[in-house]
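Below you'll find only one chain, the form predicted alone, shown as structure tokens.
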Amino acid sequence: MSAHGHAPTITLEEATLPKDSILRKAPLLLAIVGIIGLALAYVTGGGDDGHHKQFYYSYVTSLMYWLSIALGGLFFVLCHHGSRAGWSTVVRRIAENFMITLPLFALLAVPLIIGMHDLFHWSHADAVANDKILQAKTWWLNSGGFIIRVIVVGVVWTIMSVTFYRWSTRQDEEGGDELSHKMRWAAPLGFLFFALSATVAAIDWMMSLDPHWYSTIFGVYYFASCVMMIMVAISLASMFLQRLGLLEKAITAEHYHDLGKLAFGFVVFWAYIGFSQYFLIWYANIPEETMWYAHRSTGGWEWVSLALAVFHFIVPFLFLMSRHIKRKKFTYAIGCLILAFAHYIDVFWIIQPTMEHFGHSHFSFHVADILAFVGIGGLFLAVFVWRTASKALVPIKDPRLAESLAHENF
């Protein structure tokens, strides 16, 4: 409540992108940049043998990076409704706009099928025929099953994201608590499908690149990054919108403080899962498992491993611990950018050494890595900005919006 006893409100005009905003023209430009970036990545990522192994490894690295934000958006929305949260109402639409990019990622997963033989060692019949470990895993690692799972995962993501997005935007017109009630009841089932689909994608699209290796908590490892990245993405997007003069009074230091606390918490959770994975593999000392870390400890990859520990845990842990850092946009933005950079190191560190293991012997960074990052990022941001410009920036008729606008940390 305000000092005069009136519940804080926000009008549709205050929550809508102006018609003359440059952001309304940005989606087309971003899409063009994305398409050109991917085309150039394909050209530069080709080899003399006619294969495009470098392109596909660069592609899947950037795919999993940007996908983590979209999946994080879905999880944020599910958590908001499942926990009946009030504080996050004012930033929920931003999370929904990230979430609604998931149908795009369902399409962007198709090249994984096309480039299957350039990416996955287990997809080669001769490799399986001479490898008892791969033979024991053919019940899961087979081309037909992989294709089916890509399709199923894409359909699940599309249905979930479109359903929650439509319910939320319908409430902007209809108001009332009926749609909020429907989303609250659908959220628990959504958690189940989210967990299964995200885990399958992480295992199939990342972990199976080195088919001898496996980790029973790899899905949780990737999930931790997804949640961390959506807090970063919401925070940076909110700051950008406020730089344009939007939502200046709606999103306050109180909201940034909570987003920062959650980002900080999942930095620690990521480190816990990562260390647990490493420690158990080190202790068991099984060759098929330890080789995964051995590949990341030689040939220049040891420096990437060190950078990952420094920038994904030590620096953000010490930097974001302070309450004051999280409540000041400038310093909090620095923390968010550090995490965004660290997450790319993480995904690169997981995926790229596999290509080095099967083809090269040392760390390398290719121009196709940059072009694929720009390409997929351009398409991702094109959809995000398009949806941001098409609807209200906050769910203006959500029953708990006033509570969110008045939110305070104590």
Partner chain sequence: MATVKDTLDPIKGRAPLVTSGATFKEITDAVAAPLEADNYRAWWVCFLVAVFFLGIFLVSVSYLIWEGTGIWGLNNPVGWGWAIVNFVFWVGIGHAGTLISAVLFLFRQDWRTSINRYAEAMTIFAVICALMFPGIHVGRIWVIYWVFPIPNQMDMWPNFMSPLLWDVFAVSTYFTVSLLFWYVGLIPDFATMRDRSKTKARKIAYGIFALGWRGSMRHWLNYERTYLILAALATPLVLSVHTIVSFDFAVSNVYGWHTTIFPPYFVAGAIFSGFAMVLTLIIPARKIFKLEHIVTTKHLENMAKIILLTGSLVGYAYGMEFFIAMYSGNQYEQFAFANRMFGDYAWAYWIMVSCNVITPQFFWFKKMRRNVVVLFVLSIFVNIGMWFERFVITMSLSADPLPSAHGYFSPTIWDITTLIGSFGLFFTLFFLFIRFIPMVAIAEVKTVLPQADPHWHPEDEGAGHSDEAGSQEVTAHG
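Numbering follows the first chain given and starts at 1. All figures in this text were calculated on a predicted structure; none of them were measured in a lab.
There is another form of this protein, the form predicted in complex with the partner chain, and it is not shown here; the text below is about that form.
- For the marked spot (His51, Ala340 and Leu371), a heavy atom within 4.5 Å of the partner chain in the predicted bound form is absent from each of the three residues.
- Of the candidate stretches 303-311, 82-90, 156-164, 332-340, only 82-90 has residues whose heavy atoms lie within 4.5 Å of the partner chain in the predicted bound form.
- Interface residue remark: Asp177 is counted as part of the site for the partner chain in the predicted bound form, having a heavy atom within 4.5 Å.
- Although the partner is absent from this view, Trp213 contacts the partner chain in the predicted bound form, with a non-hydrogen atom inside 4.5 angstroms.
- The partner chain is not drawn, but in the predicted bound form it has no heavy atom within 4.5 Å of His117.
- For Leu192, a non-hydrogen atom is located within 4.5 Å of the partner chain in the predicted bound form, even though that partner is not displayed.
- Just one of Ser276, Ser322, Gln242, Thr298 comes within 4.5 Å of the partner chain in the predicted bound form, counting any heavy atom, and that one is Ser276.
- Only one of Leu104, Leu112, Leu141, Leu78 comes within 4.5 Å of the partner chain in the predicted bound form through a heavy atom, and that residue is Leu141.
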